[in-house]
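As structure tokens, one chain now follows by itself in the form predicted on its own.
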């Protein structure tokens, strides 16, 4: 079987006079955690819906798990999806609803019940199986919805904003759960939390106004000639910024809260530049929490779409 599990060529979708997808070319490797990044209205959810077979494209073609233009349940049991606003019926126990979803994926009644309980246990919610969804918190419902996406052991899963609105601890649990599937399943994730995606994903595509601006491995997208990303425990003061900018190896220093993006001068040696920067930080008693080569995903996103950071880390 091909190592590319999602491949689109010229994928286009119109809604009346609105072009939601404009000639999308993308390849998602098997076993990857693939980030799809874009502002509201960029076309992320439309892309998910077309690839999953919920919507027909206006033009172009898409191949999913070896199937061209999948629809009509041909990928049943092989593909899972978490919509951004997944909901559950009031008055019907959580377990019963998950069992029904599992049977729609092709599982027998007995296998569906076992899979539903396994999924609930995996997200730490085994004790809510018989509860009414109305009795669950938003974070609990989000984790239940995540269970729904993975019922039936699908090969490919689409997650639309999987941690949106969750408290930090619940969001961490969801990230850990998804990270554990790396290499075992292919997961395509849409989120506005770019720091989360940078930490979690192996590949990324930046979508802007229905078009792919850039796509590739996360390392390749973040790499640059000579750029360093430094995270401090406290915001950098003026003295530190002046000292860094005075270094012969440094051309520019950009600040985003506690994160510094430091660009080296043309032709400078990366190792020498990194050493000079670290020595400067230590001399001014600002040892970095983390120091890495390459820019942040937020920086690359804003460069790609021509936006500006508001200094708060959002997009």
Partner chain sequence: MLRKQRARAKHTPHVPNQVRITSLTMLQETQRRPGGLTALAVLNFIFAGFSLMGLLFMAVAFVVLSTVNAAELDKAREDIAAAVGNAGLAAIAVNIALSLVALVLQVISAIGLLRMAPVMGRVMGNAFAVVSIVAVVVSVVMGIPFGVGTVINLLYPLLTLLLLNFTFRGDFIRRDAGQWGAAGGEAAASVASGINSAQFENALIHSGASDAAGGVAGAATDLAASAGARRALVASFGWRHALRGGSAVLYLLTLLGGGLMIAAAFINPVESLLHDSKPRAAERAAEMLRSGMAVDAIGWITGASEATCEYFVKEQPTLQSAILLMLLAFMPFFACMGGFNQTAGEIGSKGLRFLLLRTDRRSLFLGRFMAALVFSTIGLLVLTVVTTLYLAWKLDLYSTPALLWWGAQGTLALWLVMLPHLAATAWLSASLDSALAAFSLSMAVVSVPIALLKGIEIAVEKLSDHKIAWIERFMPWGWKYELLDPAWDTRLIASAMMLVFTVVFLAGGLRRFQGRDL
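Numbering follows the first chain given and starts at 1. As the structure is a computational prediction, the values presented were derived from the model and not from experiment. Think of the rigid core as the biggest set of C-alphas that the two forms share within 1.5 Å after superposition.
As for the form predicted in complex with its partner chain, it is not shown, yet the points below apply to it.
Select from the listed residues 229, 192, 78, 208 the one whose heavy atoms reach within 4.5 Å of its partner chain in the predicted complex. Here the answer is residue option 78.
I need to confirm a contact call. Of 106, 165, 235, 216, which residue comes within 4.5 Å of its partner chain in the predicted complex, counting heavy atoms only? Of the listed residues, the single hit is 106.
Every residue in 89, 118 and 185 with a non-hydrogen atom within 4.5 Å of its partner chain in the predicted complex? Result yes, every residue of the spot touches its partner chain.
With its partner chain left out here, work out from 240 to 248, 208 to 216, 195 to 203, 149 to 157 which stretch has heavy atoms within 4.5 Å of it in the predicted complex. This holds for exactly one stretch, 149 to 157.
Within a 4.5 Å heavy atom cut-off, is residue 289 in contact with its partner chain in the predicted complex? Output for residue 289 is no: heavy atoms all beyond 4.5 Å of its partner chain.
Does the 4.5 Å heavy atom contact test between residue 261 and its partner chain in the predicted complex come out positive? No, residue 261 sits far enough from its partner chain in the predicted complex that none of its heavy atoms falls within 4.5 Å.
Could you confirm whether residue 56 comes within 4.5 Å of its partner chain in the predicted complex, counting heavy atoms only? Although its partner chain is absent here, residue 56 would touch it in the predicted complex, with heavy atoms inside 4.5 Å.
At the 4.5 Å heavy atom threshold, is residue 135 in contact with its partner chain in the predicted complex? Judged by the heavy-atom cut-off of 4.5 Å, residue 135 is in contact with its partner chain in the predicted complex.
Looking at its partner chain in the predicted complex, which residues in 170 to 200 have at least one heavy atom within 4.5 Å of it? The stretch 170 to 200, when checked against its partner chain in the predicted complex, contributes 170, 173, 174, 177, 180, 181, 184, 185 at the 4.5 Å heavy-atom cut-off.
Core fit, then residue 199 C-alpha moves 2 Å or more between this form and the one not shown: Comparing the forms between this form and the one not shown, which are aligned on their rigid core, residue 199 does not shift its C-alpha by 2 Å or more.
Does residue 184 move appreciably between this form and the one not shown, meaning a CA displacement of 2 Å or more on the superposed rigid core? Superposed on the core, residue 184 moves its C-alpha less than 2 Å between this form and the one not shown.
Given a superposition on the rigid core, I'd like a yes or no on whether residue 156 shifts its C-alpha by 2 Å or more between this form and the one not shown. No; that C-alpha moves by less than 2 Å between this form and the one not shown.
Closer or farther in the predicted complex, the Cα atoms of residue 57 and residue 86, when the shift from this form is 3 Å or more: The answer is closer, because the C-alphas of residue 57 and residue 86 approach each other in the predicted complex by 3 Å or more.
Residue 52 and residue 90: their C-alpha distance differs by 3 angstroms or more in the predicted complex. Do they come closer or move farther apart compared with the shown form? Relative to the displayed form, residue 52 and residue 90 draw closer in the predicted complex - a change of at least 3 Å between their C-alphas.
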